[in-house]
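Take a look at this one chain, the form predicted on its own, written out in structure tokens.
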Amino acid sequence: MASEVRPTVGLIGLGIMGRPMARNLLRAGYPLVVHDVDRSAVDALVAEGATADTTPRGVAEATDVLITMLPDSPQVREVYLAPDGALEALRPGWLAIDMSSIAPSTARELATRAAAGGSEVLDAPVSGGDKGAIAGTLSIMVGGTEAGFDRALPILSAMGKTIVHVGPAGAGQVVKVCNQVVVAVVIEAVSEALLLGAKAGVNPARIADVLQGGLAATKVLELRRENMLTGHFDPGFRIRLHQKDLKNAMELGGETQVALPAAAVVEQLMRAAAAAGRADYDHSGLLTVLEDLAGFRVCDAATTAS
């Protein structure tokens, strides 16, 4: 029986998320072409079996399916729409999957432009953080046509575990905004609980144990417990990127006339963290803003208790 011929995949954006996603594509047997502004990241993937190109257009021309994993809407627009951008390589049947977290309006614009050239751009943002990217267990929410989703599904399955077609173009980004509102508010709530209990004299590790064993159990504690208890906030997912996602949430709330009071408070706390020089902390570092207000460090209590 002949072996399956896999499409050639491009991946632009080899940061904390993109690099392990690229590795999982290579492990799954996809021929991979990569590009990033950080040449060392490109070289590392080339050493593992990928090939490289120097422009988004070059990657798009060399591949059947392009994946992008970039920080925000401006970077996505540059990769797709600038001179030598990916959409200069539009052709019938070509597919792009933008897995960045961007404004839904930008996702819809890219889909419209691609459709005019007989191509498709899906919006497929992810949840699960760096650990999910490394393990290949990301949750992926996909906006676009059913046909585009069906074509993308085997490729996405190399990077994720829960992969859901949530609606037409832009719907993936809407669901990602919803996801980020929940994650942000839960991080803030967990931070309040650990800080309150620790300053009241209880070992915060024991508090975390109890919370995780009952109705308050959350992925935030499962994946970010050690950050909060040790005071080490290496990203992960950076505060500045989560702040951007909450900005998108506020804009979507304005468009739809939906009040988002809890998300608005957390966005302000993240803004305070960024102003204090912590924009590149993991988003669990939101705890530090509340600690500043309380004049107390959870990690100190955890160290003393241990």
Ligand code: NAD
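One rule holds for the numbers: they count along the sequence shown, beginning at 1. Given the structure is predicted, the values throughout are model-derived calculations rather than measurements.
Separately, the form predicted together with ligand NAD exists; it is not shown, and the next lines address it.
Asks: 70, 59, 246, 45: which sits within 4.5 Å of ligand NAD in the predicted complex by any heavy atom?
Replies: Looking at the other structure, the residue within range turns out to be 70.
Asks: Is residue 203 one of the residues lying within 4.5 Å of ligand NAD in the predicted complex, judged by heavy atom distances?
Replies: Judged by the heavy-atom cut-off of 4.5 Å, residue 203 is well away from ligand NAD in the predicted complex.
Asks: Taking heavy atoms and a 4.5 Å cut-off, does residue 88 contact ligand NAD in the predicted complex?
Replies: No - in the predicted complex, heavy atoms of residue 88 and ligand NAD never come within 4.5 Å of each other.
Asks: According to a 4.5 angstroms non-hydrogen atom cut-off, is residue 25 in contact with ligand NAD in the predicted complex?
Replies: Contact with ligand NAD, no.
Asks: So, in the predicted complex, is residue 130 in contact with ligand NAD at a 4.5 angstroms heavy atom limit?
Replies: Yes - in the predicted complex, heavy atoms of residue 130 and ligand NAD come within 4.5 Å of each other.
Asks: In the predicted complex, do 123, 165 and 250 all put a heavy atom within 4.5 Å of ligand NAD?
Replies: Looking in the predicted complex, the three residues 123, 165 and 250 all stay beyond 4.5 Å of ligand NAD (heavy atoms).
Asks: In terms of non-hydrogen atoms within 4.5 angstroms, which of the given stretches 59-67, 272-280, 258-266, 37-45 touches ligand NAD in the predicted complex?
Replies: Stretch 37-45 is the one.
Asks: Going by ligand NAD in the predicted complex, which residues of 213-244 come within 4.5 Å of it through any heavy atom?
Replies: Residues within 4.5 Å: 236, 237, 241, 244.
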